[in-house]
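Next up is one chain by itself, shown in structure tokens, the form predicted on its own.
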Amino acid sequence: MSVPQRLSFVTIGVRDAARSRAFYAGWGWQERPGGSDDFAQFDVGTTRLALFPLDRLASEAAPDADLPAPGTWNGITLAVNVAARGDVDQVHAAAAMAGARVVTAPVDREWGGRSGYVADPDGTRWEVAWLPGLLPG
């Protein structure tokens, strides 16, 4: 048997669940029912984004690792792709208005698309991107 080729969940370890929940709600995302004070889920297409306390997630997924310092990058990026080149700047600005920290402004990339990066309250990097041909225009 092989590993199924799909991504079911992305779980972000957060230091302050209420702050992170409010941050993603500020993006206009609707939380799924059934959350708790320290756990939230959002549908993102066919995948779910979960917010879970960092220390509890570390005890399950990385019991032998040190927690990352607040605001540092963990080497992972997530992406929100948009349908048109011009949408990148608008969505990037909307994310910043909702409280994201701007990491890089949108620029045209050598691979033919356009993207910029923002960070959520725990430092998770989100790329706002347009990749020609990925989504219908």
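Because the structure is predicted, anything quoted here is derived from the model rather than measured. Just count from 1 along the sequence shown to find any residue number.
Keep in mind that the form predicted together with a further copy of the same chain is not shown, yet the notes after this line are about it.
S.K.: a further copy of the same chain isn't shown here, but in the model of the complex which of Gly112, Gly45, Pro33, Pro70 has a heavy atom within 4.5 Å of it?
M.R.: Answer to the contact question: Gly45.
S.K.: Check Ala17 for me: does it contact a further copy of the same chain in the model of the complex (non-hydrogen atoms, 4.5 angstroms)?
M.R.: It does not: once a further copy of the same chain is placed as it appears in the model of the complex, Ala17 has no heavy atom within 4.5 Å of it.
S.K.: Can you check whether Ala22 is within 4.5 Å of a further copy of the same chain in the model of the complex, heavy atom basis?
M.R.: So Ala22 does not count as contacting a further copy of the same chain.
S.K.: Can you check whether Asp37 is within 4.5 Å of a further copy of the same chain in the model of the complex, heavy atom basis?
M.R.: Heavy-atom contact with a further copy of the same chain at 4.5 Å: absent for Asp37.
S.K.: Arg56 versus a further copy of the same chain, in the model of the complex: is there a non-hydrogen atom within 4.5 Å?
M.R.: It does: once a further copy of the same chain is placed as it appears in the model of the complex, Arg56 has a heavy atom within 4.5 Å of it.
S.K.: Would you mind checking 1-16 for residues with a heavy atom within 4.5 Å of a further copy of the same chain in the model of the complex?
M.R.: Going through 1-16 in order - heavy atoms within 4.5 Å of a further copy of the same chain in the model of the complex - the hits are Met1, Ser2, Val3, Pro4, Gln5, Arg6, Leu7, Ser8, Phe9, Val10, Thr11, Ile12, Gly13.
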